[in-house]
Every structure is written in C-alpha cells, then in structure tokens.
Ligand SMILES: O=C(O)C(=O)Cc1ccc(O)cc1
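One chain comes next, on its own, written out as structure tokens in the form predicted alone.
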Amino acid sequence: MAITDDGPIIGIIGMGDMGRMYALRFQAGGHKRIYVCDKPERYEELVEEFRGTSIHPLPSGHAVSRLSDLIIYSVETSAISSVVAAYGPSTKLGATVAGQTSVKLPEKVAFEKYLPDDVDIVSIHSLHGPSVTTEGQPLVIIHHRGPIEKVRLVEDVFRSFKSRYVYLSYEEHDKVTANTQAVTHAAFLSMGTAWRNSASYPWETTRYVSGIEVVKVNITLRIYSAKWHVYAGLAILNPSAQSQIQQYARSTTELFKLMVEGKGEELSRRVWAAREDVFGWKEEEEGGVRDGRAPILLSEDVLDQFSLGQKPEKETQRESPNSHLSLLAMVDCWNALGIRPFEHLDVAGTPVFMLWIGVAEYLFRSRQLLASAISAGLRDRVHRPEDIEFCVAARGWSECVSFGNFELYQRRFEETSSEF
C-alpha cells in the first residue's frame, strides 16, 4: 500500500454521531483526505454540510472502500454484517480495515467472512460517546490481522485524538466492555424506568436533592439522552453482557426479598461480605485509601453542596433513610460474578463507569452509611414503593435482553426517555 506525503487516505462508512465525530477530529488533526458515506438518501445532505472541507462525502461504501488506505466501519453492531457484506469485497488492495462497534464478536465474524484475504484488520473502539472529549479517554486497538506496521499506522492516524491506547483482543474487548458498561447501563436504565412507572421524578421532590443522589440522577439522564441502539447492541449481542445483566436483576430481587421478609442477619451478612470482597474493607473497618488510590468522589460535606433543589429547613424535616437498593445490588452483582471494578477501570473504564464505581465506593466506604442503608431496607416504608418499582424494572430489562428483541428494547428505552 502506497501512502502519500499527505498521509493515509481515511475512509469512514457510517456518518452517525460517532462517525461524524471521527471525521471532524481527523480534519482538526490535519488529515487532508477523508472520504465518508452514509445511507444513499443522506448523500446530498453530507455534501452540503462538508462543502469546502477536507471531508469528502461519496455516494456509497464501494467508493470509500476503493479509495481509502484506512477504512473505519462506524455502524450499529446489529448492521455490521450486512454492511461489510455489501462493501467489504470492494476494499482497496492492502488497505487496513477497522470497526467502531461496541460489540466485537459480530464484527470479527463479518470481517473474516467478507473482507479479502489481502486486507489487514486493526480494529478500534473509543470507549465514550460522541459528546465526550477524546483526550485522555481509552481507545481500544485490536491487532487482528496483518503486520505490526499497520498498528503503528492506526496509532498515527488517531494521534490527534490524544486518547489513551489500550491493546486488547476481540475477546478481551467484549469481556472488558461487558464488565465496565453492561451492568452500569442496566442499573440506570432500571432507575429511569422505575421513575417513569411510579410517575415520581427526583427533581420534583425534596426527597432526593443532594449527595450521591445528584450523581445517580445525572448519570441516568445522561444515559437516556443518548440513542437506544448504543446500549442495545452491547446488551443483546455480547454474551458476557447478557449474563451480567441477568445477575444484576437476580441480585436486586434477592436483596429486596431479604428486605421485605425482614431477614436482617442474612441481608447484613451478604452486604458486608460483598463490601470486603469487592473493596477489601472488613466489616469492622472504616473504609479508607485503597491500594494507594484516593476515593473517586468528594467527601460527603462537599458533595452535599451540589443540589437538585432546596431542602426544607432541617428543624422541620428529617431526611428519610434510603436503602440504596441499586447500589447494594451492584456491589452484590460484582461479587457474585467475581468482577473487580477497579481493575477494569484502570484498563478501559468509561466516564460513567468511573462515576458509578465512585458512587458505590462512597456508600460502602462509610460503615455508618452502609449500616443505615441496610436498616432502611429492612424497616423504612417511605422508599419501599420505589424499591418495588426498581426491582420490577431491573427484571424487565433483564428479560428484554434475554429475549434478544431490539424492537422491545427500543420501545422500553424511548417510552422512558420521552418523559425526561
């Protein structure tokens, strides 16, 4: 493959949010020739949008594949097989092909089946959404086929992103993304669905206005502000993700049953055991610095300064205790599956995953807060209806994923997101 003095010709097949972000970042990084395409009906729109730039829309993926030295498929995971089947045979001799899908098993199968043998495969995945800065974020690079020089080519092309390169295999990628994203998404999807079904939203009540509740609410809104297919592909097409989402629903259900049955000793034993196994703090110990790592979230006093609304005067209202079922179930799920979240955070943690670990760590670090959550789960009736809705929502999302039904997933997601 001959690379010109202007560098490799970059091709992007799929100009959704991520494809468009990639094209703009490549242009900002000084790449002179970037060929892109999307569905035929979007061709004229793209021509008009990028007129006078180094981004050149073409009528189809055939043209992009024939001209480009590095071709990036930026399409939904559910569509990767059909798109590669259509355009893969047109790939330029000696070119390098990458995919930007969130689940790599279908991508690997499609590339091996439909790409010519004289084409190299060095795939990628930016572990963040299109609205997040690329700087400092993990960018997975998968060297699947071809000489090591092709990996250097990909590294050079993405240099302007200032991302942190993480080198994995296809199989390692799917395991890591399942561990860092699948259950996290399930927890917040369940949270949003529970709010919708109960017609009770945190920003409409003074019950949840500060502390870790603010973090939980903001992450939920962020999840639901994205497009449904971003999460559906990861959840449904990644076998590791499916088993984890099922375990999260199981943990939620089992802990909630212990609460309503009043089995305090069994509930306490299970929660404190999960604390020790996941975070390394024994029941009698106050949580502190872990393996030299400072806590992710700020102290309670500082965190409580961030508010969704105005609390009533303290002398007229005492805050109700909260079971934090979503957090107890998360740590219980990690423990049941043998997941050590900090290890995955170091490898390829996303911003949302980091905050979710931080929220869980915040609760489990304090013996007083955790004991209060256990007590509330057993005795408090104020939050019990919301815990019921959350439990039902978690089971509903788990069943949706186990059915492998994208249409049902989209419907559940959009029914909730439309309320925010």
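None of these values were measured; they are calculated from a predicted model. The first residue of the sequence shown is number 1, and the count goes up from there.
Omitted from view is the form predicted in complex with the ligand, to which the following refers.
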(message) Does any part of G129 reach within 4.5 Å of the ligand in the predicted bound form? Heavy atoms only, please.
(response) yes
(message) I'd like to check something about P351: if you look in the predicted bound form, is any of its heavy atoms closer than or equal to 4.5 Å to a heavy atom of the ligand?
(response) yes
(message) With the partner left out here, check for me: in the predicted bound form, does some heavy atom of W195 sit within 4.5 Å of the ligand?
(response) no
(message) Taking the ligand as it sits in the predicted bound form, is L153 near enough to touch it, meaning that at least one heavy atom pair lies within 4.5 angstroms?
(response) no
(request) Name the residue from R275, H344, K108, H185 that puts a heavy atom within 4.5 Å of the ligand in the predicted bound form. (result) H185
(request) Counting non-hydrogen atoms within 4.5 angstroms of the ligand in the predicted bound form, say which of T220, N322, S102, Q244 makes the cut. (result) S102
(request) Indicate whether the candidate residues H125, Q181 and V230 are all in contact with the ligand in the predicted bound form, with contact defined as any heavy atom within 4.5 Å. (result) yes
(request) Would you mind picking out the stretch of 141-149, 231-239, 160-168, 88-96 that comes within 4.5 angstroms of the ligand in the predicted bound form, counting non-hydrogen atoms? (result) 231-239
(message) Can you list, in sequence order, the residues from 375-393 that come within 4.5 Å of the ligand in the predicted bound form, counting heavy atoms only?
(response) none
